[in-house]
Each structure stands twice: as structure tokens, then as C-alpha cells.
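One chain is shown next in C-alpha cells, namely the form predicted alone.
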Amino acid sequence: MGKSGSLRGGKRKIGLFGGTFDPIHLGHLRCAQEVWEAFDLSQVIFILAANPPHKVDRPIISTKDRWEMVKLAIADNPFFALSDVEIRREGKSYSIETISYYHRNIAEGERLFFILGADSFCEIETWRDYRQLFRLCDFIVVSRPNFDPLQAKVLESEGFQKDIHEERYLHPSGHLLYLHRITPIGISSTEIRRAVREGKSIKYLVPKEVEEYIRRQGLYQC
């Protein structure tokens, strides 16, 4: 069934894709596109983190600028949406609060899929109330270079059982954790910020509209 069919009938499947997106780049967008297609999602919601607890090594540019860049980047995709659920909350942006919010507000029969990279999954034990996350939604763990999600201790400690027919694991709550390989794209927000500081081109690393916004606003200059 095509995506338009998914929206018209059957159970809606919502992907939640969080991040600082500082800035959003083509790697983020390609990841969301491949997951949307592979899992026949009705929608991928980009969730902008306002104050992420794990990003303490450097200042993050304003929420307004990051919001505008994501909005520009996804404007031409009707199956992508942008959420302000985390930036409306005060304090740190904890995933458990975000997932709980969507869990409370989804319609009957809808499914939530939490999309995150293998690098983040491998450190999920450091997250607030991470055990509860597995009881609220399905997980899609996408591949990242040099990170093996099978090494994550939570697969054993939280009682996940491997499906012998697919690359997925069943949690005791009934939710599923999928391991999904995406096209490796060697782009990082860190390298983009560095390139801007050094006066180098970021063409073909970010959407044209985002490139123009960064230049127009003078972002990442120092």
C-alpha cells in the first residue's frame, strides 16, 4: 500500500524524530525519508529539542533559528511535520516527557515509532526513565558508523527477545524494537558549523533554503 493509502485507511503510524538540528542537514532528511518509506509511516514528526541534557559541551544557537531551518528544510514534504512540544516546556528536553505526551494524545489504534540513531541507543541507559520509554512506543534504531546497537546492554537487561525472522526485538510490554540500516551519509552538524566558521562552502550538505538562511542570519560565524 502506498503512503496516501496509509493516510486514508487503516491504523496511522507516527514516527517521532527528535534532535537539536543545529543545523538540520541532508543526512537527517534522508534518514527520515528512508524510515518513512521502509515502515510505511503516515507521518514523520521532527521534534526540536530546546535544552537537551546531553548537549552540554557547547552553546546551541537559538531555538527560533533552528525552528526556522527545520521548517524550511521540510516545507516541500507533506509527510514531514515539525513539533514544538519540547520548546513549549521549561527546563531540559527529556525524551520520556515527549513520548509520554504523544502516548497520551494519540488516537485509538495509532502506533508511535521513536526514531533514533544507534549512537544514541547505545547510551540510552543514561537517559531519564529510559525503561518506561520501551513501554510507551515502538523503536526504530537506525544505523550509525562505528556503533553496534547489538552491544547495547538494554537488549538483555530489559528482556528483549529476538525475532528469528526479522531484525527486530520484542519487549515484554509487546512493543517492538527494529534495527534498520540506512544509507550512510557522512554529514554532521559539527562539520557544517566548522565549515561555516572557516568560510568554506556548505553547498550540498544542507538544503539550499537552509544554506541561504545560515548566510542571511550570519549563523555559526564564531
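Just so you know, these numbers come straight off a predicted model, no measurement behind them. Note that residue numbering begins at 1 and tracks the sequence as displayed.
From this point on, the text means the form predicted in complex with a small molecule, which you will not see here.
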Worksheet item: Exactly one stretch in 104 to 112, 67 to 75, 82 to 90, 140 to 148 has heavy atoms within 4.5 Å of the small molecule in the predicted complex; which is it?
Response: 140 to 148
Discussion item. Please determine whether G19 contacts the small molecule in the predicted complex, using a 4.5 Å cut-off between heavy atoms.
Written reply: yes
Worksheet item: Though only this chain appears here, would S189 touch the small molecule in the predicted complex if you measure heavy atom gaps against 4.5 Å?
Response: yes
Item to complete: May I ask you to check whether I96 falls inside a 4.5 Å heavy atom distance of the small molecule in the predicted complex?
Response: no
Worksheet item: Is V196 close to the small molecule in the predicted complex, meaning a heavy atom pair under 4.5 Å apart or at it?
Response: no
Worksheet item: With the small molecule left out of view, which of I185, V35, I61, I45 would have a heavy atom within 4.5 Å of it in the predicted complex?
Response: I185
